[in-house]
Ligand SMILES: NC(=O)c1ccc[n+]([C@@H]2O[C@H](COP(=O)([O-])OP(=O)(O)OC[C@H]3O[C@@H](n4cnc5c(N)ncnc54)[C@H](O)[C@@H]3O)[C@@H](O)[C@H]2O)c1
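The chain that follows stands alone, in the form predicted alone, written as structure tokens.
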């Protein structure tokens, strides 16, 4: 991680309060520049003299761990559980080691778990909390832009298996999510870019005004400016909340949030979960979905607009080792696939998507080679 591009300004902490209602209750959400401070009293009350398990990474803990001291003062005992960065932590063996440590530390049904890191830490922590003693409450304090705008909201938790991302998991909603944009100042530009790709995904299909904001403010957003990022995170959260409340377990409308993810997950897996960040893979996945959309005469005006915007992201090149047959096989194993086949989320126009179930394997194969050769060239 880099030093902050701009030191956090001496402005008062602020937070927008949101809530996500789901079948088992609701998630309280704080979003803003310095949102951690206004949330501390509520989080301390939630901990309430119980055992607190904090799942984090050494890097995040070293940068920001002292910010949580107020919470530790309220816990009966605090156990810090560190895992490595990225997808490597989302493993059943790692989950088993965490459960063992929680049991050894005296974890109970009413103990608390706090995830303090990026999307992988949140995914793993939610899975661990959802399974431990048949489910304990947890909260998320995401420290990456991607986790703040997407991964921490909605209750999806999962670990990976070889060649298949997020294929073992459950829905387990956090009790609280705190998205403090001042924590993003230590992120490298690449991580901010990856998070903004998820913003573009939601904005293109759910919030045209947000898409215009990203186009206008891209440079300052990529610089990690906490004040500029705060309304972007809040707007993304609102868009996702609306969809999740309508379809909490992805039976129908929530599937639009998978725009770019079918090919994106395949690219991640084919690259060994190392050459591309999740958001970068999603950006390429959106470009591939736009190819399929244009083949059906969809997104005539939106496609060139998204291509221009994503072209400004300066994405890393696709790994040269990627092959058509491997990608086809990985798409077939996508966690969203059903017995009837793979459903593709295609943008129809700005603010509107269609979910298509009749794209044949041949149609996909026909597009892969030109996509790999020139991903930004869409007719």
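Numbering follows the first chain given and starts at 1. Just so you know, these numbers come straight off a predicted model, no measurement behind them.
This next part talks about the form predicted together with the ligand, which is not shown.
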**OP:** Could you tell me which one of 64, 28, 333, 50 places a heavy atom within 4.5 Å of the ligand in the predicted complex?
**Re:** 64
Original post:
Within 4.5 Å of the ligand in the predicted complex, heavy atoms considered, which of 156, 291, 112, 193?
Top reply: 156
Subject >> Partner-proximal stretch of 101-109, 216-224, 297-305, 140-148 relative to the ligand in the predicted complex, 4.5 angstroms, heavy atom >> reply: 140-148
Original post:
Hey, in the predicted complex, does residue 173 get a heavy atom within 4.5 angstroms of the ligand?
Top reply: no
**OP:** Considering only heavy atoms, tell me if residue 280 and the ligand come within 4.5 Å of each other in the predicted complex.
**Re:** no
**OP:** May I ask you to check whether residue 231 falls inside a 4.5 Å heavy atom distance of the ligand in the predicted complex?
**Re:** no
**OP:** Although the ligand is absent from this view, report whether residue 129 comes within 4.5 Å of it in the predicted complex, heavy atoms only.
**Re:** no
Original post:
Listed by sequence position, which residues of 179-201 have a non-hydrogen atom within 4.5 angstroms of the ligand in the predicted complex?
Top reply: 183, 186, 187, 188, 191
